[in-house]
Structures are given as structure tokens and as C-alpha cells.
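Here you get one chain, nothing else, as C-alpha cells; it is the form predicted alone.
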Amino acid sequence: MKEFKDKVIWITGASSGIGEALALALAKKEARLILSARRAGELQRVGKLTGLPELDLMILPFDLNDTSNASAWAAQIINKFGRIDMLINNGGYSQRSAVLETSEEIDRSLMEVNYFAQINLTKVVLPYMKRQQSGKIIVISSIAGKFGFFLRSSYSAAKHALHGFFETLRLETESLGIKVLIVCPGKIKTNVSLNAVTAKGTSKNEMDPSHQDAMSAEECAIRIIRAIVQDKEEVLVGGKELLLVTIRRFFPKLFSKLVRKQSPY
């Protein structure tokens, strides 16, 4: 796909899962990549796997819990590449804790990482995209951004908030040549359930059974890239669990019955 050749693409959450799969797929399409996540060592590993030369690759580690230096990070990218063509807001983490057992601290951290960090990074790249009169913002939401679900209260709330923000951003910036794609993955076989935070503030450290045989991160990345090329505004990616979104829209009473029968894991 020539659409990605020499494009400067910033990917957060690039050290594993969907972010890593996107990095490897886009490198094959000759994109120039900025890889971000907390773990510098894992980013270096992914960077080597891309096979990109130093000229076309930047490793930019940071923690989404604190994006106060976001303007400086964007400036670093501009200093090296001269432009930012695409931001893929993929970084974040999930939750497996009941509302009554979840502390305010955990609630706030989930919102910070999954919502505020995404909009902060977006706001620092928008002036450059406006100057270029082109750019694409891709935000990885979730099926949990379409409806609430057991043990995912603040995670789901953050994903719902992303839709309100980025749907508004799309309307306000399309005349500037900036496009917005919201991606809603369902169950994807990544470490998302392993790394999900519990009520104790620790990682779950166990993959949900429903994720064991789910769609691969590589297939998910292929579908996201296809949606980018097709200039879609929103895409759902996953398996049969996506049917709940349609059922909720057209048959709300049936959805109400079905969602209660689903396992939280």
C-alpha cells in the first residue's frame, strides 16, 4: 500500500500486542515509525524486528500516566522527521474489578491513561497536522466503549469518553484535512487481560479464557490498516462478540438479557 510509504507514524503502546503488530505491518509498508510505551527495552526489541534503519525509526519511551512533556516529545519527532502524518493512540490498560471494590485512585489512573493521555497527545500533534493540511488520528477504543460490562467500570467509562471527544474532533478538523478513525476491538489475543488491574491495584496475571482463541493481534492490525486506507470513521474488529453491538442498537431488550449471561472473563 503506497499510502504508508515514507509516512511518519507515531504509535503508542508499541511494545506488545496490537501496537507491536501495527509497527511490524507498517514497517513492511515502508512507513517511518516512532515507537512509544513504558518499557524501553521492549521498544528496542520491536524496533529491531521492524528492520527499519535509524533514519526511519525513533524509540520514544514514556508512561501514559504522565503526559506533561507531550509537547516536547512531539517537538523531538518534528526535529527528526519534519512532520507527523499519523498518530495511533493505542496505549492503555484494562480493568478487572467490581465498582464497590475499586478505589478512586485506580478509577483516576484508568481515566488518565485511557482518556486524558490520548487527548493530550492528540492536541500536541494537531498544530503540525493543521500546518501540513493533512493528518490522521487513529484511536483504539474498545467494544467496552459501546456498552458497559462486568468488572470494567472506569475502563469502559474512559472508552466511552474517547468516542465523544474524537467524534467531535472529527467534525471540527475535517475541513483542515485531518481525519479521525475510531477502532473498537472486541476480544483480541494480547496481554490486555493479563495486565488488567485488579481491585488491589495489581495485574491480573492471567489471560481471560475468552481471549485464548480470539483473533490474533496480527489479524487485528491488518484490519485496522485496511480501515485507515478506506478512510473509515469507525471500525469494529473481533469475533462473534461484536454481534452484541448490533443487537444493542436494534434489539435493546434482547441485548439486556444476553449481556447478563456473558462471563466477565
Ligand SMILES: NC(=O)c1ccc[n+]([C@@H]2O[C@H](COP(=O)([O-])OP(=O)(O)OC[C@H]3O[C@@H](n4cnc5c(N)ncnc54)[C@H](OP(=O)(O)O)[C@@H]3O)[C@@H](O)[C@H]2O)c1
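Owing to the predicted nature of the structure, the values given are computational and were not obtained by experimental measurement. Numbers follow the displayed sequence, beginning with 1.
The same protein also exists as the form predicted together with this ligand; that form is not shown, yet it is the one meant from here on.
Peer 1: Using a 4.5 Å heavy atom cut-off, which residue among 122, 154, 142, 102 comes into contact with this ligand in the predicted complex?
Peer 2: Exactly one residue meets the criterion: 142.
Peer 1: Verify the contact flag for residue 178: yes if a non-hydrogen atom of it lies within 4.5 Å of a non-hydrogen atom of this ligand in the predicted complex, no if not.
Peer 2: Looking in the predicted complex, residue contacts with this ligand do not include residue 178, since no heavy atom lies within 4.5 Å.
Peer 1: Tell me, yes or no, whether residue 23 is in contact with this ligand in the predicted complex, where a contact means a heavy atom of each within 4.5 Å.
Peer 2: Contact check for residue 23: no, nothing within 4.5 Å of this ligand in the predicted complex.
Peer 1: So in the predicted complex, does any heavy atom of residue 97 sit within 4.5 Å of this ligand?
Peer 2: No, no contact at 4.5 Å.
Peer 1: Indicate whether this ligand has at least one heavy atom within 4.5 Å of a heavy atom of residue 137 in the predicted complex.
Peer 2: No, no contact at 4.5 Å.
Peer 1: Taking 4.5 angstroms as the heavy atom distance cut-off, pick the stretch from 51-59, 30-38, 226-234, 199-207 that is near this ligand in the predicted complex.
Peer 2: Among the listed stretches, the partner-contacting one is 30-38.
Peer 1: Judged by heavy atom distances of 4.5 Å or less, which residues of 60-90 approach this ligand in the predicted complex?
Peer 2: Sequence-ordered list: 62, 63, 64, 65, 90.
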